[in-house]
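In the block that follows, a single chain appears as structure tokens, in the form predicted on its own.
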């Protein structure tokens, strides 16, 4: 894991001191609210529906046990004893006071953390694969380049006031676990040349109000030129991106407006001035950063460990279920990656209590070399667990509700905070998630349904990634009442695509019944070993539409009866 050097520490400490002075000026009246707003946003501080929210950066999802303990302590003293992990590897504290923010930032610097560029029109937190460095299908560990991208983009003087935010993902694996096609910019390893690794560059993707799949703008880009090429892309965006309309200001809109060919031409023209310049990466700099991500001291597996694991699977069916859903392959024999679920029944998806943070820290220290990862599905990952200790880990994780065996199943939902916190939301998300958890709490039912992704967003900004859920739920406002639009058939991965709206929006009270009806159609129509997505792709949306029409008719009948 990357450790800050004196320059890194000086930067975040100076930024924290600067923000302390800005808060003091705001409290004294020397800064008006409208003047203070861009300053606090640069430091990840929002004013939400009920209280200020601070978004803490967890670059490329790597977090240490020490950092988790500090976040637990901060959440207890300055918040309500919990935080919320987002789809971009950040942790949100939803109940802080603005006056306390400078103290929190100072404490974060003690463990090499900050909130810089977690908000505002800038390059946001760089994301990558939660299994980076250990995935069997990986051709190159992307974490050193993700860290280099973090350092390049942090407080970049030319890109601090972009037309809108830029989200970047990088992957070194054959499988797409970073939602490449729906980022402003995505980098995917595609091979190597005489200089080393080369990347495909995808540009212009995004969800939100106008969901668009990204397009390939460059292939075979040598790793040495990543920074200069990205700088060229962002310069073109900075030059042409709209600043008069925030709804039309994203990079994806510019790519659509200019067309990929013209956007590519302008990028290459800009790159001609940058290629081979100071932004060209050197092998020495790469090796300096990569040294922080060297493999830990793995131990060789024993035959006794494998035999013991088989025996315990047979003796403990609950353990066997957890192994099936929570344990992922590792490139080192005798090791596994383990997902710690933040989707226990009754738990708001992505929420984590201070006690759970401390529990994960202890598990990371004991089982995974003191480190954990954050997945964009809002779960945590221990990347380096000895297979011979999986039973021990399972027993320990269960004590703090971190071992729910629902990864990849219906109740493993991506869910934004919604109307309970966010002042942009049209409807609540967490309440719907909990209602679905309650209706489908039975594990036999979940395992019978098989792999299904259900994502929930409280508004069109799509922070819950509803567009790419097999079942997507979007909160909409209908005459000040909470209604929900249902989409089906969305997916992540290499063939990621947007789901289809299948009928009229339904009120909150009918959402769970609609989901149950949709699943009943799936059960009736599916073939042996067929997932929900494959069934939908085969039969289309027509068999599912009556589920929405029936709910709409029931709602209209009730409304008529009341009137």
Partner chain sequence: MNVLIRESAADFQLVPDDPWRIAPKEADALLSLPKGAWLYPLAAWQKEAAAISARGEPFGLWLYPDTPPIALEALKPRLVDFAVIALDFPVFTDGRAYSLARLLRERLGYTGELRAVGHVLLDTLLFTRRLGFDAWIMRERQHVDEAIAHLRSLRQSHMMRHPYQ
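Positions refer to the first chain, counted from 1. In this text, all values refer to a predicted model and were calculated from it rather than measured experimentally.
Keep in mind that the form predicted together with its partner chain is missing from the display, and what follows is about it.
- Proximity of residue 77 to its partner chain in the predicted complex falls outside the 4.5 Å heavy atom cutoff.
- In the predicted complex, its partner chain stays beyond 4.5 Å of every heavy atom belonging to residue 554.
- Contact annotation for residue 151: at least one heavy atom lies within 4.5 Å of its partner chain in the predicted complex.
- Although the partner is absent here, residue 239 is a contact residue: one of its heavy atoms lies within 4.5 angstroms of its partner chain in the predicted complex.
- Taken together, the three residues 155, 160 and 273 all come within 4.5 Å of its partner chain in the predicted complex, as judged by their closest heavy atom.
- Look at 223-231, 430-438, 402-410, 198-206: in the predicted complex, residues with non-hydrogen atoms within 4.5 angstroms of its partner chain sit in 223-231.
- Among 346, 333, 278, 317, the residue placing a heavy atom within 4.5 Å of its partner chain in the predicted complex is 278.
- A single residue from the set 537, 35, 530, 513 has any heavy atom within 4.5 angstroms of its partner chain in the predicted complex; that residue is 35.
- Residues of 1-29 lying near its partner chain in the predicted complex, listed in sequence order, are 7, 10, 11, 14, 15, 18, 22, 25, the criterion being any heavy atom within 4.5 Å.
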